[in-house]
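Coming up, as structure tokens: structure 1 and structure 2, two forms of one and the same protein chain.
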Structure 1
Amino acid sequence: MSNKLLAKGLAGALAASVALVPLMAQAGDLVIESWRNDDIDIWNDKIIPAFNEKHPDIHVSFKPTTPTEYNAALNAKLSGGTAGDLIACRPFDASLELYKQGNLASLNDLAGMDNFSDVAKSAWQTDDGSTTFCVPMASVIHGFIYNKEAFEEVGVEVPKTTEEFFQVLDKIKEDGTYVPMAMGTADQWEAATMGFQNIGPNHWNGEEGRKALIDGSQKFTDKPYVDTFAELARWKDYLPDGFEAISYPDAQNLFSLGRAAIYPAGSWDISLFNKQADFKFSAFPPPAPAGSDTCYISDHTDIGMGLNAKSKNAEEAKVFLEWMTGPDFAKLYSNALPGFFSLSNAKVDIEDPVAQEFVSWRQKCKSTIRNSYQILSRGTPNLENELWNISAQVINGTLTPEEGAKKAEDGLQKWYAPHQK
């Protein structure tokens, strides 16, 4: 074969392969974008195979990014037109913005959406509630996970009120075998998410306070919020030495190695502790201040799944989303990932005992979501990021509870009209 012919042949083969690649990729190939890189095995081993049993012709791949980079990476991919077909949705504004920019399709007419309550859908709706753009997947609940054996050894009971809670911490500290509470402030977000948003709803009466902040009838400088910061500030004495430099994985390890008695938790921590801890552990809800007759928990709508408006496989993607609204997925997901609680109305039996404990609080207590997520993080400074910084500083002792509350209010006042009055 002459060189010329060879070159022509090669060029032809190259052109053909380039032309074929999109065709091959199009045959029902769905790509899922998500920030849950911890879940890659569960998707590949359990969820996708279960879907393929019913729809063997649709090929699905799960392509997650690290949580902190997800929003940035996703926005870049969407504007570059390379984003996947299915997009894991953060609750509220981040996804709402994606919908407004035309990146997420409306799912109003998706069959199966009526399997979800209005509250479940509220995290992925337009402000007027007329359009829903993501299938609600799961919520996470905050509380405290504790080492049962440590509690027995020290001789303390699960605390019901805030004062009991601090008495328990005092006793564990006196005993000296265990670090009373495993948490650090190095990554800042734990202080806000597992601290402020965990114990706060009991002070601001859950949804009542959250809505009052949004309509401006309550301010961060009001008693409930200052009290929350004040309670948070008391944690300092019970955290491990050098907690200012202890990161989130450090705290997880301290607890799962059995060196700490209490761990301020999100229910998503359960699966890690199941794998790593070789002692019995359980959970208790955030203790309420003495005298309050209702308890409140943060049952945060955390993750949903939307459809990329520019997806070339919209039909197949809708089939997948429809499957996600059904009871099979609800059951599979809640049990594959103990601590992520399905938002579906379908009755789901949860097998994991600690996850059962968490979800049982829904019966006793009133649920609310994190107060910085809806509307209040739309401007600069962003309330969620502010709360990270302020909560960490309040625990570190570099801000007093009053100063912290004022800083949060000042930040909100800068851009949010209802707080400027």
Structure 2
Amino acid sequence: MSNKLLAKGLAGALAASVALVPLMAQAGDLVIESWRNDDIDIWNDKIIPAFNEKHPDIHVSFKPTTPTEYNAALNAKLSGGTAGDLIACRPFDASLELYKQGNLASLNDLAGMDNFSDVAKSAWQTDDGSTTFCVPMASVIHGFIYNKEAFEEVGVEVPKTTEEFFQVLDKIKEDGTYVPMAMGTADQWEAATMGFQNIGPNHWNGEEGRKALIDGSQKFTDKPYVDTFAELARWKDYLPDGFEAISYPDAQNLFSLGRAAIYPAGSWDISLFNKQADFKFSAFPPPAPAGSDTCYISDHTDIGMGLNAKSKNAEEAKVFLEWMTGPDFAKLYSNALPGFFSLSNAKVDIEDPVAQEFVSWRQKCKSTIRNSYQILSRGTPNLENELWNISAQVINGTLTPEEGAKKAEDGLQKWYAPHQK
């Protein structure tokens, strides 16, 4: 080959290699996998630019998948070696399985993890609590949203005890202008989520009772759980006519149209009511039995962020995760999505007044999570689904509180060894 031809060949090869460069990921390029496709503008317009103010040399792309396809799509990408560097983590078993398969890295040594409580980290830890594999991002809080104008008209104040709660409901019912409480049992899940799991922690002392169910030292047939179902059964008298056929969207509409005074809620409902309600509303925490010296709230872990164990940009990804543990991210995320609250211990000033009311309860009450989510729903029957049905039946009056408690315990005893003793 002549020198001229050799030079030409080398030039062509060099040109081809240069042309390929833009197609290859640059060092420091991070890709985030998530199911929160609704949040793409928030990440692109607010969160990522805020990170780049501190770290301009790290490029970050938010590439979500639709929620229903996320788990399958993520598993396929992980198997094929094409998954992003940062992985949005669902709480408990789905993410635990990813860690066990070697797809998520341990974050025990990540700076900033001490900014989160043990409760916050519990959704993304091994069962023994020895390893944390996702940075906690946000939770949702349970309570009651109320129509402030209705309370003023009827002449009632926010209740602080269970006894006051039912006195308020009685006065609203006697007045007759408003449905006392907007909820139905047709979909079942809200009877457990906004009913049983909302008021229950005040009976079973939050984390103390939740952990006691896991280790088997407490049973669903014990007094705290029977008492929770007994309180829930009393709701029947204050729900709309035909509540057995009322769905979750029906109940939301009933409240947002101003026809009901109280709505058993998750904080995720705030954004909808901000858009639809033309009256002032606020929220109060689940009232505790009279004489209680501590209140408890369900501050349920919802989403975290983990590190792909096979990421080629692990160091840059850790920089991003460490930034997520700090106050800037906590403030940004909490205000961009009212009702989704940072799990950080950092003080966050929430701009939405109702969201601020919800999150203020962390300062005066102890946080816990739904007692069916960790470990106890791995078998058959699934405890979470059982509680949907049982809670709805207790409110409907087709199960007594004692029968409901026994059914929940019988289900656990069928497969869960600590409850077979």
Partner chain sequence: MAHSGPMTDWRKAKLPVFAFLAPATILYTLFMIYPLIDSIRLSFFSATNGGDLAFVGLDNYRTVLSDPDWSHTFWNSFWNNMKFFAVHMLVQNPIGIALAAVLSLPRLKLRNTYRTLIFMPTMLSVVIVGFIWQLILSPVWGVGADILDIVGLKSLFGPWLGKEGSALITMAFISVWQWVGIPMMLIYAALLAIPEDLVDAAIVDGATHFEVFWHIKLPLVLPTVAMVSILTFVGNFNAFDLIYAVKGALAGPNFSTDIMGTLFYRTFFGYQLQLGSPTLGATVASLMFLIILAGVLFYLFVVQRRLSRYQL
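Since the model is a prediction, treat every value here as computed from it, not as a measurement. Superpose the two forms; the largest set of C-alphas matching within 1.5 Å is the rigid core. FYI, numbering is relative to structure 1, first residue = 1.
Between the two chain copies, the one drawn from the form predicted together with its partner chain is structure 1.
The residue from Thr301, Thr162, Asp269, Gln393 that marks the hinge of the rigid-body rotation between structure 1 and structure 2 is Thr301, the others lying more than 12 positions from any hinge. A rigid-body turn of 24° separates the smaller part from the larger between structure 1 and structure 2. Its Cα shifted by 8.6 Å, Ala317 is compared between structure 1 and structure 2 on a rigid core fit. After superposing on the rigid core, the C-alpha of Phe62 is displaced by 7.9 Å between structure 1 and structure 2.
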